[in-house]
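Here's a solo chain for you in structure tokens, the form predicted alone.
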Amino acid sequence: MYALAERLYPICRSITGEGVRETLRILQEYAPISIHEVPTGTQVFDWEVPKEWNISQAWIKNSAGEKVVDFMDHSLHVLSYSIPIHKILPLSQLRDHLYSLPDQPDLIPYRTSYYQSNWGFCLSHRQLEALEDGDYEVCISSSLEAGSLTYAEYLLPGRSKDEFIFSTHVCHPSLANDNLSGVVMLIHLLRKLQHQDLRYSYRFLFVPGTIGSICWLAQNADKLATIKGGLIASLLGDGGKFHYKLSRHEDSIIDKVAQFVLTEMEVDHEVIPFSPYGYDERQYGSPGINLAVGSLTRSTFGSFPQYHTSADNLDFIQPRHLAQSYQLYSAVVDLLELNRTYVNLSPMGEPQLGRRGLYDAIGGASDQKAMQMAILWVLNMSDGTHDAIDVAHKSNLPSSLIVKVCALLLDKGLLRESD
């Protein structure tokens, strides 16, 4: 995952353009994702797909002809979606188009102007302060033309048409945690699940933020009824504690599973309520769509000093943090796959376990006592309204043990799966 992030990091991405296409083509080397193009001008709900933006070079030269800011040094140096420009300006006028962070003087900020005609450069505040009065030649070789918005998806079909979605944004330039960490983690999760016999179907979406998810939703209204939930994958490579932002439903199966996995894996975490602000969970959870999509991150957006700056680089993310995030997402899928709701077929009092060979079945097990308790808990709570996660939570027993016992009781004819 980290090696893939290294490869993708230098690419200048935005909400449209060749940077997104190049990124998605590289991801196709890892999994057979389908790339889709939505033409400029397409109406998608209340939005319209904008003109496509591409850039080849951008720089500022001083009066001696020296480049004092150069897009080739760092893709954050240019205001994303800058219109083309080539002129000479005095510093007094140029300052209106320069963006820096006085409180973080060594860092380059990430700034955009997607839906307003503007141009500009981002630079460290120390660079800005070092500029001397005089004339500067500025050049941004960019294009804003009719084209398309590009996104990718892949559906892993399971035995059921019911599906869960995993979505990540692919529109940020040279920002490692936000959001290359989500991109590289999801493509590897997809690779893993490709080789499994799946109960549910899983849809992976690699979309530009906001406008990309809106495009997908607008063009796939016929698919929404089978979506039972999902997760937004972002900010998964730093060392912060995990955060689960509840879906708009707040009590859906994905909310239950994500919280249970965080607790059972004993990782430092915090559960935060849904709000209509953040990443694309607010699009999937808009009132007219109302999908149960939560957000599972490490640090939250805007909460760490490296956020949307040049300090969100490859040194900021670590392979071990990506690995733990991957393990967590994998555990979420595993529990979704294993979780069931059961009905006790002998509910009138406690069934006789001995004559069914259940004591023999667990007699030599190292967790004999725990298995006995798990059997009693499963039988007691299998009334068609409690699933395996409910039993594990109530009994304070591992979900893996509950699942194991459920399979045993099914085999002995004491349970049936709920409709």
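What you are looking at is a predicted structure, and each value in this text was computed from that prediction instead of being measured. Throughout, we count residues from 1 along the sequence that is shown.
Keep in mind that the form predicted in complex with another copy of the chain is not shown, yet the notes after this line are about it.
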Contact of E350 with another copy of the chain in the predicted complex (heavy atom, 4.5 Å): yes
Taking 4.5 angstroms as the cut-off for heavy atoms, does Q283 touch another copy of the chain in the predicted complex? yes
Can you tell me if W47 lies within 4.5 angstroms of another copy of the chain in the predicted complex, counting non-hydrogen atoms only? yes
Does any heavy atom of I289 come within 4.5 Å of a heavy atom of another copy of the chain in the predicted complex? yes
Of the listed stretches (136-144, 201-209, 153-161, 116-124), which one has a non-hydrogen atom within 4.5 Å of another copy of the chain in the predicted complex? 116-124
Answer key, another copy of the chain contact in the predicted complex at 4.5 Å (heavy atoms) among T112, S299, T309, N339: the residue is T112
Which one, D73, E264, E250, E270, lies within 4.5 Å of another copy of the chain in the predicted complex by heavy atoms? E250
Is it true that S346, R355 and W377 each have at least one non-hydrogen atom within 4.5 Å of another copy of the chain in the predicted complex? yes
Partner contacts in the predicted complex for 189-214 (non-hydrogen atom within 4.5 angstroms of another copy of the chain): I214
